[in-house]
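Just the one chain here, the form predicted alone, laid out as structure tokens.
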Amino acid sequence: MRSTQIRRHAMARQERAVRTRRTILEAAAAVFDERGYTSATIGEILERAGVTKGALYFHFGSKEELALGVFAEQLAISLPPQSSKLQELVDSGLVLALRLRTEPLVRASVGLALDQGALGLDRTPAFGMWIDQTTRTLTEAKAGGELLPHVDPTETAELLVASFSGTQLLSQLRCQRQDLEHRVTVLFHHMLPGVAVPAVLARLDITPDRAGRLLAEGRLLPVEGDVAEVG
């Protein structure tokens, strides 16, 4: 009985810690988005989040660590596995497009990554995480015979990330990303014939409404190390 109570208490603390971390990230994202990284202060983020300084520093040791946490939100979701790795690649792009349009934290993550005025912030990890994930998926796709022989997974991953970044920026400038899922499907329809085996390409579902269905099935990835809460 005692061990059950201890486990329940530990689980409750972990859930509170995850919620607190999320609250801090959302507050930081909002402040970064409104003020820019350079002008944002820890004090403003604390006030927006409504947490103690101890709680914030338990999860993040500095403003830069906060920014890295915001960056990671672009990829912090697990989607249903598919029989085709290229379908998983398409799915991740479509879902990111939908999240960019609907989730302020993800919008702030991308905005921060593209903020050339973010003095003192190394923005390369934002793109590095994205490129690494895409490279892994493409490498598995190539091992499974889904890619044409000439395709280099790393080069293709970098091209896809760069193309997606430009596509979402154009969509933001033209219509506040309201057509982003459509633009991303156009991007895939133009790029994938140059990398995918025709038989695999013919089976891919590259439709804008797929993103909503997938997001409903997806789940946020757990945060490692959040086992207690301070403050």
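Don't overthink the numbering: it's just position in the shown sequence, from 1. Bear in mind the structure is a predicted one, so any value in this text is a computation, not a measurement.
Here the subject shifts to the form predicted together with a further copy of the same chain, a form of this protein not shown in this document.
Annotated contact segment (heavy atom within 4.5 Å of a further copy of the same chain in the predicted complex): 107-115, selected among 107-115, 93-101, 139-147, 74-82. The partner is absent here; in the predicted complex, the one residue of 30, 170, 46, 206 having a heavy atom within 4.5 Å of a further copy of the same chain is 170. For the chain shown alone, residue 68 is not a contact residue for a further copy of the same chain in the predicted complex, no non-hydrogen atom being within 4.5 angstroms. At least one heavy atom of residue 195 is located within 4.5 Å of a further copy of the same chain in the predicted complex. For residue 162, a non-hydrogen atom is located within 4.5 Å of a further copy of the same chain in the predicted complex, even though that partner is not displayed.
a further copy of the same chain is not drawn, but in the predicted complex it has a heavy atom within 4.5 Å of residue 158. Residues of 172-190 that come within 4.5 Å of a further copy of the same chain in the predicted complex, judged by any heavy atom, are 172, 173, 174, 182, 183, 186, 187, 190 in sequence order.
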